[in-house]
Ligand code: NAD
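Given next, in C-alpha coordinates, is a single chain: the form predicted alone.
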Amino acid sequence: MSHYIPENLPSKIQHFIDGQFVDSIGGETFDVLDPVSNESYVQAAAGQKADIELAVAAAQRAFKTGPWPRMLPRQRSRVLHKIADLIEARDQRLAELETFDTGLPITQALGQANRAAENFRFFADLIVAQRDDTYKVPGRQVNYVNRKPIGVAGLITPWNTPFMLESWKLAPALATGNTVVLKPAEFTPLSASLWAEIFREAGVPDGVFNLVNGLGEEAGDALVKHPDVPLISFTGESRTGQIIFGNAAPFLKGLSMELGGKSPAVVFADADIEAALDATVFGVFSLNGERCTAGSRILVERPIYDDFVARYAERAKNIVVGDPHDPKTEVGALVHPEHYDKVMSYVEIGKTEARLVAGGGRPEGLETGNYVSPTVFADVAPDARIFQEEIFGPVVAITPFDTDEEALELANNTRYGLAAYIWTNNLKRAHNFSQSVEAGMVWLNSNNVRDLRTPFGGVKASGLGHEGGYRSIDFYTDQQAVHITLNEAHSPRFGTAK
(Lines give C-alpha, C1' and ligand atoms only; values in the text may rest on other atoms or scores of the structure.)
Protein backbone atom coordinates (compact mmCIF):
# COMPACT_ATOMS: atom_id res chain seq x y z
CA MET A 1 0.00 0.00 0.00
CA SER A 2 1.41 3.40 -0.95
CA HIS A 3 1.74 5.85 1.90
CA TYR A 4 1.09 9.57 1.54
CA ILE A 5 3.72 11.85 3.09
CA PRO A 6 2.98 15.59 3.31
CA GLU A 7 5.26 18.04 1.55
CA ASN A 8 7.52 20.47 3.40
CA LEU A 9 7.78 18.56 6.63
CA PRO A 10 10.12 20.31 9.10
CA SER A 11 13.71 19.10 9.28
CA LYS A 12 13.46 19.35 13.08
CA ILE A 13 10.92 20.40 15.69
CA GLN A 14 12.08 23.04 18.14
CA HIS A 15 10.76 24.72 21.25
CA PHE A 16 9.24 28.20 20.98
CA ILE A 17 10.33 30.44 23.85
CA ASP A 18 9.96 34.22 24.13
CA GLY A 19 9.18 34.62 20.45
CA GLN A 20 12.04 32.45 19.16
CA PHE A 21 12.38 28.88 17.90
CA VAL A 22 15.17 27.27 19.95
CA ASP A 23 16.78 23.89 20.53
CA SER A 24 17.08 22.38 23.99
CA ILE A 25 19.83 24.05 26.01
CA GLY A 26 21.62 20.72 26.34
CA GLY A 27 20.88 19.66 22.76
CA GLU A 28 18.61 16.73 23.78
CA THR A 29 16.24 15.32 21.14
CA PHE A 30 13.80 12.45 20.65
CA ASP A 31 12.51 10.64 17.55
CA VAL A 32 8.97 11.17 16.28
CA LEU A 33 7.38 8.24 14.43
CA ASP A 34 4.91 8.14 11.57
CA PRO A 35 2.18 5.68 12.72
CA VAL A 36 1.69 4.14 9.26
CA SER A 37 5.33 3.14 8.75
CA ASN A 38 6.54 3.39 12.39
CA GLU A 39 9.67 5.02 11.03
CA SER A 40 11.19 8.15 12.52
CA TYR A 41 10.51 11.12 10.24
CA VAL A 42 11.87 13.96 12.39
CA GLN A 43 13.70 14.70 15.60
CA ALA A 44 12.14 16.99 18.18
CA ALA A 45 13.88 19.00 20.87
CA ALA A 46 13.48 17.18 24.19
CA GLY A 47 12.83 19.76 26.89
CA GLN A 48 14.55 19.43 30.25
CA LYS A 49 14.19 21.36 33.49
CA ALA A 50 16.46 24.15 32.17
CA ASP A 51 14.28 24.63 29.09
CA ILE A 52 11.12 24.78 31.20
CA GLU A 53 12.79 27.35 33.45
CA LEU A 54 13.62 29.49 30.41
CA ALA A 55 10.03 29.28 29.12
CA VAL A 56 8.48 30.04 32.50
CA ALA A 57 10.78 33.04 32.96
CA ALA A 58 9.69 34.39 29.57
CA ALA A 59 6.02 33.83 30.38
CA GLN A 60 6.40 35.47 33.77
CA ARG A 61 8.08 38.54 32.27
CA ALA A 62 5.31 38.84 29.71
CA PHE A 63 2.73 38.60 32.48
CA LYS A 64 4.37 41.05 34.88
CA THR A 65 5.58 43.71 32.45
CA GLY A 66 3.97 43.01 29.06
CA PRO A 67 0.78 44.41 27.55
CA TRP A 68 -1.25 41.17 27.29
CA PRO A 69 -2.82 41.02 30.79
CA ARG A 70 -3.47 44.78 30.67
CA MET A 71 -5.35 44.86 27.38
CA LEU A 72 -9.04 45.58 27.35
CA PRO A 73 -11.10 42.43 26.78
CA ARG A 74 -12.13 43.74 23.36
CA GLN A 75 -8.47 44.09 22.32
CA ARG A 76 -7.66 40.51 23.32
CA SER A 77 -10.89 39.38 21.65
CA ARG A 78 -9.75 40.83 18.31
CA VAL A 79 -6.47 38.91 18.56
CA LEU A 80 -8.32 35.66 19.35
CA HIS A 81 -10.64 36.13 16.37
CA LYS A 82 -7.57 36.68 14.21
CA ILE A 83 -6.14 33.41 15.54
CA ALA A 84 -9.39 31.65 14.56
CA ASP A 85 -9.21 33.17 11.07
CA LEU A 86 -5.65 31.90 10.64
CA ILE A 87 -6.57 28.40 11.83
CA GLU A 88 -9.43 28.26 9.34
CA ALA A 89 -7.17 29.51 6.55
CA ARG A 90 -4.74 26.67 7.33
CA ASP A 91 -7.33 23.94 7.87
CA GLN A 92 -6.12 21.71 5.01
CA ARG A 93 -2.50 21.90 6.11
CA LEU A 94 -3.42 21.36 9.75
CA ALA A 95 -5.49 18.30 8.92
CA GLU A 96 -2.76 16.92 6.67
CA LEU A 97 -0.12 17.22 9.40
CA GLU A 98 -2.46 15.96 12.14
CA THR A 99 -3.35 12.89 10.10
CA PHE A 100 0.28 12.16 9.32
CA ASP A 101 1.33 12.58 12.95
CA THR A 102 -1.56 10.80 14.71
CA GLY A 103 -2.96 8.31 12.20
CA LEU A 104 -6.44 9.85 12.45
CA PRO A 105 -8.56 9.65 9.28
CA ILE A 106 -8.22 12.82 7.22
CA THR A 107 -11.97 13.55 7.22
CA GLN A 108 -12.00 13.53 11.03
CA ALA A 109 -8.81 15.58 11.28
CA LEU A 110 -10.44 18.30 9.16
CA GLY A 111 -13.23 18.51 11.70
CA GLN A 112 -10.70 18.97 14.50
CA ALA A 113 -9.16 22.02 12.76
CA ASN A 114 -12.58 23.64 12.48
CA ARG A 115 -13.36 22.93 16.12
CA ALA A 116 -10.05 24.48 17.16
CA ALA A 117 -11.01 27.71 15.40
CA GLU A 118 -14.43 27.63 17.03
CA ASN A 119 -12.86 27.33 20.49
CA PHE A 120 -11.00 30.60 19.93
CA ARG A 121 -14.10 32.33 18.57
CA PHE A 122 -16.16 31.19 21.54
CA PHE A 123 -13.79 32.61 24.16
CA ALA A 124 -13.15 35.73 22.10
CA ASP A 125 -16.87 36.46 22.33
CA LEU A 126 -17.26 35.30 25.94
CA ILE A 127 -14.68 37.67 27.42
CA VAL A 128 -16.43 40.62 25.80
CA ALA A 129 -19.93 39.51 26.83
CA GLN A 130 -18.81 38.30 30.28
CA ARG A 131 -20.61 39.69 33.30
CA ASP A 132 -19.85 39.28 36.99
CA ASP A 133 -21.95 39.53 40.12
CA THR A 134 -22.80 42.75 41.93
CA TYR A 135 -24.67 42.73 45.26
CA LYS A 136 -26.26 45.88 46.69
CA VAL A 137 -27.37 46.74 50.21
CA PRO A 138 -29.33 49.94 49.47
CA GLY A 139 -27.82 52.99 51.13
CA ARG A 140 -25.14 50.94 52.87
CA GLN A 141 -22.87 48.89 50.63
CA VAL A 142 -22.05 47.74 47.11
CA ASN A 143 -20.19 44.47 46.67
CA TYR A 144 -18.86 43.33 43.31
CA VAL A 145 -16.63 40.60 41.89
CA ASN A 146 -13.45 41.59 40.09
CA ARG A 147 -11.67 38.98 37.96
CA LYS A 148 -7.93 39.00 37.43
CA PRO A 149 -5.66 36.74 35.37
CA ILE A 150 -3.57 34.53 37.63
CA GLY A 151 -0.19 34.30 35.88
CA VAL A 152 1.63 31.55 34.01
CA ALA A 153 -0.59 28.60 33.09
CA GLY A 154 1.07 25.25 32.45
CA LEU A 155 -0.84 23.32 29.78
CA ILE A 156 -0.13 19.60 29.27
CA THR A 157 -2.02 18.05 26.37
CA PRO A 158 -2.62 14.54 24.96
CA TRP A 159 -1.90 12.93 21.61
CA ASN A 160 -5.34 11.77 20.47
CA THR A 161 -6.63 15.01 18.90
CA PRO A 162 -3.68 17.22 19.79
CA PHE A 163 -4.28 20.51 17.97
CA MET A 164 -7.96 20.73 18.91
CA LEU A 165 -7.36 19.79 22.55
CA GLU A 166 -4.54 22.32 22.76
CA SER A 167 -7.02 24.96 21.60
CA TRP A 168 -9.40 23.99 24.43
CA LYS A 169 -6.78 25.14 26.92
CA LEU A 170 -4.99 27.89 25.00
CA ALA A 171 -8.12 29.85 24.11
CA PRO A 172 -9.50 30.45 27.63
CA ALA A 173 -6.05 30.78 29.22
CA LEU A 174 -5.07 33.53 26.78
CA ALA A 175 -8.53 35.13 26.61
CA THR A 176 -8.47 35.82 30.34
CA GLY A 177 -5.05 37.50 30.16
CA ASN A 178 -2.72 34.77 31.37
CA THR A 179 0.52 33.73 29.71
CA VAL A 180 1.20 30.07 28.97
CA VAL A 181 3.76 27.31 28.66
CA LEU A 182 2.40 24.44 26.53
CA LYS A 183 3.89 20.94 26.80
CA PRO A 184 2.39 18.85 23.96
CA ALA A 185 2.34 15.05 23.96
CA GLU A 186 5.65 13.59 22.80
CA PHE A 187 4.00 11.18 20.34
CA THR A 188 2.45 14.06 18.34
CA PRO A 189 4.45 17.33 18.40
CA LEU A 190 4.03 18.20 14.71
CA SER A 191 0.82 20.24 14.63
CA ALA A 192 1.65 22.01 17.92
CA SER A 193 4.62 23.63 16.22
CA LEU A 194 2.16 25.55 14.01
CA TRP A 195 0.80 27.56 16.96
CA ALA A 196 3.91 29.73 17.10
CA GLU A 197 3.49 31.19 13.61
CA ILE A 198 -0.27 31.52 14.04
CA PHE A 199 0.10 33.48 17.28
CA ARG A 200 2.92 35.59 15.92
CA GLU A 201 0.91 36.56 12.83
CA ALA A 202 -2.17 37.29 14.95
CA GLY A 203 -0.22 39.77 17.08
CA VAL A 204 0.28 37.85 20.33
CA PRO A 205 3.23 39.53 22.11
CA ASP A 206 6.46 37.58 22.61
CA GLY A 207 6.55 35.55 25.81
CA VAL A 208 2.76 35.19 26.08
CA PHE A 209 2.85 31.80 24.34
CA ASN A 210 5.73 29.40 24.94
CA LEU A 211 6.04 25.79 23.83
CA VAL A 212 8.40 23.18 25.22
CA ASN A 213 8.39 19.71 23.65
CA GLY A 214 9.55 16.66 25.51
CA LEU A 215 8.69 13.67 27.63
CA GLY A 216 6.23 13.88 30.48
CA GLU A 217 8.78 12.54 32.94
CA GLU A 218 11.16 15.38 32.04
CA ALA A 219 9.51 18.49 30.60
CA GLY A 220 6.04 17.81 32.01
CA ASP A 221 7.38 17.01 35.46
CA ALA A 222 9.49 20.17 35.54
CA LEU A 223 6.49 22.29 34.51
CA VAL A 224 4.25 20.81 37.22
CA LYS A 225 6.91 21.35 39.90
CA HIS A 226 7.88 24.90 38.88
CA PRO A 227 7.07 27.29 41.74
CA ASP A 228 6.19 30.15 39.37
CA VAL A 229 3.45 28.21 37.53
CA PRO A 230 0.29 28.57 39.66
CA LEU A 231 -2.04 26.73 37.26
CA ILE A 232 -1.80 23.30 35.65
CA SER A 233 -4.39 22.07 33.15
CA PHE A 234 -3.84 18.46 32.15
CA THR A 235 -5.62 16.03 29.86
CA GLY A 236 -4.41 12.43 29.84
CA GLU A 237 -4.34 9.15 31.72
CA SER A 238 -5.72 8.83 35.24
CA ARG A 239 -2.45 7.40 36.57
CA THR A 240 -0.49 10.38 35.22
CA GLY A 241 -3.12 12.64 36.78
CA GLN A 242 -2.46 11.07 40.18
CA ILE A 243 1.27 11.79 39.83
CA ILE A 244 0.59 15.40 38.81
CA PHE A 245 -1.80 15.81 41.75
CA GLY A 246 0.91 14.69 44.16
CA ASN A 247 3.64 16.82 42.60
CA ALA A 248 1.46 19.96 42.51
CA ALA A 249 0.24 19.58 46.10
CA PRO A 250 3.26 21.16 47.89
CA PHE A 251 2.73 24.32 45.81
CA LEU A 252 -1.08 24.41 46.26
CA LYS A 253 -1.48 24.92 42.53
CA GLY A 254 -4.80 25.28 40.79
CA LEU A 255 -5.49 21.99 38.99
CA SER A 256 -7.88 21.06 36.21
CA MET A 257 -7.56 17.46 35.08
CA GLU A 258 -9.60 15.60 32.48
CA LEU A 259 -8.53 11.99 32.78
CA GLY A 260 -9.51 8.53 31.54
CA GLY A 261 -12.89 7.04 30.86
CA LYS A 262 -14.77 3.79 30.38
CA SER A 263 -18.08 5.31 29.47
CA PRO A 264 -21.31 3.29 29.25
CA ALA A 265 -23.83 3.50 26.42
CA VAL A 266 -27.09 2.11 27.78
CA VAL A 267 -29.60 0.92 25.15
CA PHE A 268 -33.11 0.12 26.39
CA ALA A 269 -35.54 -2.00 24.40
CA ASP A 270 -37.82 0.97 23.68
CA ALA A 271 -35.01 2.99 22.05
CA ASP A 272 -34.72 3.92 18.38
CA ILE A 273 -32.40 0.99 17.64
CA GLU A 274 -31.16 2.27 14.29
CA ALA A 275 -30.19 5.63 15.79
CA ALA A 276 -28.57 3.87 18.77
CA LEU A 277 -26.54 1.66 16.43
CA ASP A 278 -25.34 4.65 14.42
CA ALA A 279 -24.29 6.53 17.56
CA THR A 280 -22.68 3.64 19.43
CA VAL A 281 -20.70 2.45 16.41
CA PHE A 282 -19.49 6.00 15.76
CA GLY A 283 -18.96 6.63 19.48
CA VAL A 284 -16.29 3.97 19.91
CA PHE A 285 -14.71 3.67 16.43
CA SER A 286 -14.40 7.35 15.44
CA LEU A 287 -10.98 8.87 16.14
CA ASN A 288 -9.63 5.29 15.96
CA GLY A 289 -11.26 4.63 19.33
CA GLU A 290 -8.63 6.91 20.88
CA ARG A 291 -11.09 9.18 22.67
CA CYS A 292 -11.65 9.68 26.37
CA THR A 293 -15.43 9.89 26.00
CA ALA A 294 -15.78 6.74 23.89
CA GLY A 295 -18.86 4.69 24.78
CA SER A 296 -16.71 1.59 25.06
CA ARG A 297 -19.11 -0.39 27.28
CA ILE A 298 -22.48 -0.94 25.59
CA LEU A 299 -25.20 -2.19 27.93
CA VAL A 300 -28.20 -3.61 26.06
CA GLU A 301 -31.60 -4.67 27.44
CA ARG A 302 -32.16 -8.43 27.09
CA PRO A 303 -35.17 -8.47 24.66
CA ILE A 304 -33.13 -6.73 21.93
CA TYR A 305 -29.68 -7.98 22.95
CA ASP A 306 -29.07 -10.77 20.39
CA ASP A 307 -30.33 -8.69 17.48
CA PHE A 308 -28.32 -5.65 18.58
CA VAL A 309 -25.09 -7.68 18.94
CA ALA A 310 -25.51 -9.25 15.50
CA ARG A 311 -26.19 -5.92 13.80
CA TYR A 312 -23.39 -4.18 15.69
CA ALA A 313 -20.88 -6.88 14.74
CA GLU A 314 -21.93 -6.63 11.09
CA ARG A 315 -21.41 -2.85 11.12
CA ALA A 316 -17.99 -3.23 12.75
CA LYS A 317 -16.88 -5.77 10.12
CA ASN A 318 -17.78 -3.30 7.36
CA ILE A 319 -15.84 -0.35 8.77
CA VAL A 320 -13.18 0.81 6.32
CA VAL A 321 -9.71 0.52 7.85
CA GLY A 322 -6.85 1.96 5.84
CA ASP A 323 -4.42 4.76 5.10
CA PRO A 324 -5.38 7.77 7.22
CA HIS A 325 -5.02 10.12 4.24
CA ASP A 326 -7.63 8.25 2.16
CA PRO A 327 -11.00 10.07 2.46
CA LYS A 328 -12.80 6.70 2.46
CA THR A 329 -10.96 5.54 5.61
CA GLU A 330 -13.08 5.38 8.77
CA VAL A 331 -10.44 3.90 11.12
CA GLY A 332 -6.77 4.71 10.55
CA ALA A 333 -3.55 3.70 12.30
CA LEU A 334 -3.11 3.92 16.06
CA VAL A 335 -0.76 6.65 17.15
CA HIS A 336 2.36 4.70 18.19
CA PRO A 337 3.66 1.13 18.38
CA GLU A 338 3.67 1.29 22.19
CA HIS A 339 -0.03 2.08 22.17
CA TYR A 340 -0.71 -0.50 19.46
CA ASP A 341 0.90 -3.17 21.64
CA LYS A 342 -1.25 -2.11 24.59
CA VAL A 343 -4.49 -2.26 22.60
CA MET A 344 -3.60 -5.62 21.04
CA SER A 345 -2.80 -7.02 24.50
CA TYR A 346 -6.35 -6.14 25.57
CA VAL A 347 -7.72 -7.82 22.45
CA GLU A 348 -5.95 -11.01 23.49
CA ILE A 349 -7.21 -10.64 27.07
CA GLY A 350 -10.74 -10.18 25.72
CA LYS A 351 -10.55 -13.45 23.82
CA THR A 352 -10.14 -15.25 27.15
CA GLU A 353 -12.92 -13.28 28.87
CA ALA A 354 -15.79 -12.96 26.39
CA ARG A 355 -17.23 -13.93 23.01
CA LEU A 356 -15.44 -12.33 20.04
CA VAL A 357 -18.00 -11.35 17.38
CA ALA A 358 -15.93 -9.01 15.15
CA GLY A 359 -12.29 -8.15 14.53
CA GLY A 360 -9.75 -9.43 16.98
CA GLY A 361 -6.50 -8.82 15.08
CA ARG A 362 -4.76 -6.97 12.29
CA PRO A 363 -6.82 -6.19 9.16
CA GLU A 364 -5.98 -8.16 6.02
CA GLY A 365 -3.71 -6.35 3.59
CA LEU A 366 -2.22 -4.03 6.23
CA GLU A 367 0.89 -5.88 7.29
CA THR A 368 2.76 -2.82 8.55
CA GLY A 369 1.65 0.12 10.67
CA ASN A 370 -0.43 0.30 13.83
CA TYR A 371 -3.67 -1.07 12.39
CA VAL A 372 -6.29 -2.85 14.52
CA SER A 373 -9.51 -4.31 13.13
CA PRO A 374 -12.60 -2.84 14.81
CA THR A 375 -13.12 -5.41 17.55
CA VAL A 376 -16.39 -6.33 19.30
CA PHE A 377 -16.76 -8.57 22.34
CA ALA A 378 -20.18 -9.78 23.52
CA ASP A 379 -21.38 -11.36 26.78
CA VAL A 380 -18.75 -9.41 28.70
CA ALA A 381 -18.92 -9.96 32.46
CA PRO A 382 -18.78 -6.92 34.77
CA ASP A 383 -15.54 -8.10 36.38
CA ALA A 384 -13.76 -8.64 33.05
CA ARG A 385 -10.70 -6.49 32.47
CA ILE A 386 -12.06 -5.35 29.10
CA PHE A 387 -15.17 -4.11 30.97
CA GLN A 388 -13.23 -2.33 33.75
CA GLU A 389 -10.06 -0.95 32.16
CA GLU A 390 -9.61 1.81 29.60
CA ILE A 391 -8.32 0.37 26.31
CA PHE A 392 -8.36 3.59 24.24
CA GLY A 393 -8.64 1.85 20.90
CA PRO A 394 -11.23 0.41 18.46
CA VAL A 395 -12.43 -2.22 20.94
CA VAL A 396 -15.93 -2.43 22.47
CA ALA A 397 -17.52 -4.61 25.18
CA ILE A 398 -21.26 -5.43 25.00
CA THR A 399 -23.12 -6.69 28.07
CA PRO A 400 -26.82 -7.58 28.57
CA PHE A 401 -29.09 -6.38 31.40
CA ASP A 402 -32.63 -7.21 32.51
CA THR A 403 -33.82 -4.30 34.67
CA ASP A 404 -33.28 -0.57 35.05
CA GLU A 405 -31.63 -1.21 38.42
CA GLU A 406 -29.19 -3.69 36.91
CA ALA A 407 -28.39 -1.30 34.06
CA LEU A 408 -27.57 1.47 36.55
CA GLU A 409 -25.43 -0.84 38.64
CA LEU A 410 -23.49 -1.95 35.56
CA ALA A 411 -23.11 1.62 34.30
CA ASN A 412 -21.62 2.77 37.61
CA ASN A 413 -19.47 -0.32 38.11
CA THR A 414 -16.08 1.13 37.15
CA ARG A 415 -13.60 3.52 38.72
CA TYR A 416 -14.28 6.00 35.91
CA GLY A 417 -17.07 8.52 35.49
CA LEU A 418 -16.53 10.74 32.47
CA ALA A 419 -19.46 10.33 30.07
CA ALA A 420 -22.62 8.25 29.68
CA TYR A 421 -24.99 7.75 26.76
CA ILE A 422 -28.60 6.67 27.34
CA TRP A 423 -30.98 5.45 24.67
CA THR A 424 -34.67 5.28 25.61
CA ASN A 425 -37.98 6.87 24.62
CA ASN A 426 -39.29 6.74 28.20
CA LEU A 427 -39.03 10.33 29.43
CA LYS A 428 -39.22 9.54 33.15
CA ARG A 429 -36.57 6.81 32.85
CA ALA A 430 -34.33 9.05 30.78
CA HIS A 431 -34.20 11.80 33.42
CA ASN A 432 -34.04 9.53 36.45
CA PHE A 433 -31.31 7.37 34.95
CA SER A 434 -29.23 10.32 33.76
CA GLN A 435 -29.34 11.92 37.21
CA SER A 436 -28.34 8.64 38.91
CA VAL A 437 -25.50 7.64 36.63
CA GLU A 438 -22.01 8.50 37.92
CA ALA A 439 -20.74 10.59 35.02
CA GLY A 440 -19.72 14.20 34.54
CA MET A 441 -21.55 14.39 31.21
CA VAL A 442 -24.64 12.56 29.96
CA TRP A 443 -26.09 12.44 26.46
CA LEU A 444 -29.70 11.29 26.04
CA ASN A 445 -30.57 9.79 22.65
CA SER A 446 -27.52 11.46 21.16
CA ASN A 447 -23.92 10.84 20.31
CA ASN A 448 -21.25 13.11 21.78
CA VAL A 449 -22.34 16.57 20.63
CA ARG A 450 -20.47 19.26 22.56
CA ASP A 451 -21.96 22.63 23.51
CA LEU A 452 -19.01 24.88 24.38
CA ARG A 453 -21.07 26.68 27.05
CA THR A 454 -21.44 23.55 29.17
CA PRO A 455 -18.99 22.15 31.76
CA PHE A 456 -16.64 19.43 30.51
CA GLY A 457 -15.19 17.04 33.04
CA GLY A 458 -15.69 13.84 34.96
CA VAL A 459 -16.12 12.33 38.40
CA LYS A 460 -14.27 9.57 40.27
CA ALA A 461 -11.05 8.61 38.45
CA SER A 462 -12.07 10.61 35.36
CA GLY A 463 -11.09 14.01 36.53
CA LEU A 464 -10.81 16.94 38.86
CA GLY A 465 -12.72 20.13 38.12
CA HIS A 466 -14.45 21.26 34.94
CA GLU A 467 -13.59 23.46 32.01
CA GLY A 468 -15.81 24.86 29.27
CA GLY A 469 -17.74 28.14 29.17
CA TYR A 470 -17.71 30.06 32.43
CA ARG A 471 -16.01 27.14 34.20
CA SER A 472 -12.90 27.88 32.14
CA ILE A 473 -13.13 31.56 33.05
CA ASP A 474 -13.36 30.53 36.71
CA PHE A 475 -10.29 28.32 36.46
CA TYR A 476 -8.04 30.80 34.67
CA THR A 477 -8.94 33.84 36.82
CA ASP A 478 -8.81 34.87 40.46
CA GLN A 479 -12.17 36.11 41.70
CA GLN A 480 -11.77 39.06 44.03
CA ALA A 481 -14.67 40.34 46.12
CA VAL A 482 -14.62 44.15 46.47
CA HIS A 483 -16.78 45.74 49.20
CA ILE A 484 -17.60 49.48 49.16
CA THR A 485 -19.26 51.22 52.09
CA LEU A 486 -21.76 53.91 51.05
CA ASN A 487 -22.51 55.20 54.54
CA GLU A 488 -20.87 55.16 57.94
CA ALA A 489 -18.88 52.02 58.61
CA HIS A 490 -20.49 51.35 62.02
CA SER A 491 -17.47 49.46 63.29
CA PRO A 492 -17.46 48.40 66.96
CA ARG A 493 -15.21 50.86 68.84
CA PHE A 494 -12.43 48.88 70.50
CA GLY A 495 -9.91 50.68 72.66
CA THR A 496 -12.07 53.63 73.68
CA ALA A 497 -12.74 52.68 77.29
CA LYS A 498 -11.02 54.83 79.94
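Just so we're clear, the structure is a prediction, and the values are computed from it rather than from any experiment. Counting begins at 1, following the sequence as shown.
What comes next is about the form predicted in complex with ligand NAD, which does not appear here.
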Single option in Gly177, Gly359, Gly260, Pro162 placed near ligand NAD in the model of the complex, where near means a heavy atom within 4.5 Å: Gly260
Answer with one of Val224, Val281, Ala84, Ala113: the residue that has a non-hydrogen atom within 4.5 Å of ligand NAD in the model of the complex. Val224
Just to confirm the contact call: exactly one of 401-409, 135-143, 347-355, 211-219 touches ligand NAD in the model of the complex at a 4.5 Å heavy atom cutoff, so which is it? 211-219
At the 4.5 Å heavy atom threshold, is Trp168 in contact with ligand NAD in the model of the complex? yes
Does any heavy atom of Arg297 come within 4.5 Å of a heavy atom of ligand NAD in the model of the complex? no
Just checking whether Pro158 would be counted as a contact of ligand NAD in the model of the complex - the rule being heavy atoms within 4.5 angstroms. yes
Give a yes or no for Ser77: in the model of the complex, does one of its heavy atoms lie within 4.5 Å of a heavy atom belonging to ligand NAD? no
Within 4.5 Å of ligand NAD in the model of the complex: all of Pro184, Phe234 and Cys292, by heavy atom? yes
Counting only non-hydrogen atoms and a 4.5 Å cut-off, give the residues of 371-410 close to ligand NAD in the model of the complex. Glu390, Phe392
